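Below you will find one chain, with nothing else, as structure tokens; this is the form predicted on its own, and questions on how it binds or moves follow later.
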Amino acid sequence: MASIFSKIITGEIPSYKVAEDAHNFAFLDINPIARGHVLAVPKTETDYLFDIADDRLSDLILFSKRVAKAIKKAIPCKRIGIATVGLEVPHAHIHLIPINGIYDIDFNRPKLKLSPEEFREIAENIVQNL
């Protein structure tokens, strides 16, 4: 059975896409802990990040770097933090999260409630900075 991320990649489930290449896809997290919180995923469904072939993992990291630089230009923050928890969805993914301090990456924090218009605006700002 396809993961929710595979369904997002194929367009079966809508998303706020910010970037895509031949092997990777990036979209706004629908339950963000910060404005501009993006998920970068490989298009090939693999449950565990470190089970991805070396060349594809390297490609995902470099793709994430490009997306992170665009996020940093679009969202005021000190850095883009990354997290690779990987337990919530059985499809490897990297969280790219705008942060201003070490405690900003805390998945126990209340999730932001953004309107569709806010999500679209954030996504468009990131895309414009790629």
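Start at 1 and count along the sequence shown; that's the residue number. As the structure is a computational prediction, the values presented were derived from the model and not from experiment.
The discussion below concerns the form predicted together with ligand AMP, not included here.
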Please tell me whether any heavy atom belonging to Val67 falls inside 4.5 Å of a heavy atom of ligand AMP, as the geometry stands in the predicted bound form. no
Hey, in the predicted bound form, does Glu88 get a heavy atom within 4.5 angstroms of ligand AMP? yes
Does Asn31 reach ligand AMP in the predicted bound form if we count a contact as any heavy atom within 4.5 Å? yes
How about Val127 - does it come within 4.5 Å of ligand AMP in the predicted bound form, if we only consider non-hydrogen atoms? no
Among 23 to 31, 52 to 60, 68 to 76, 98 to 106, mark the stretch whose residues have heavy atoms within 4.5 Å of ligand AMP in the predicted bound form. 23 to 31
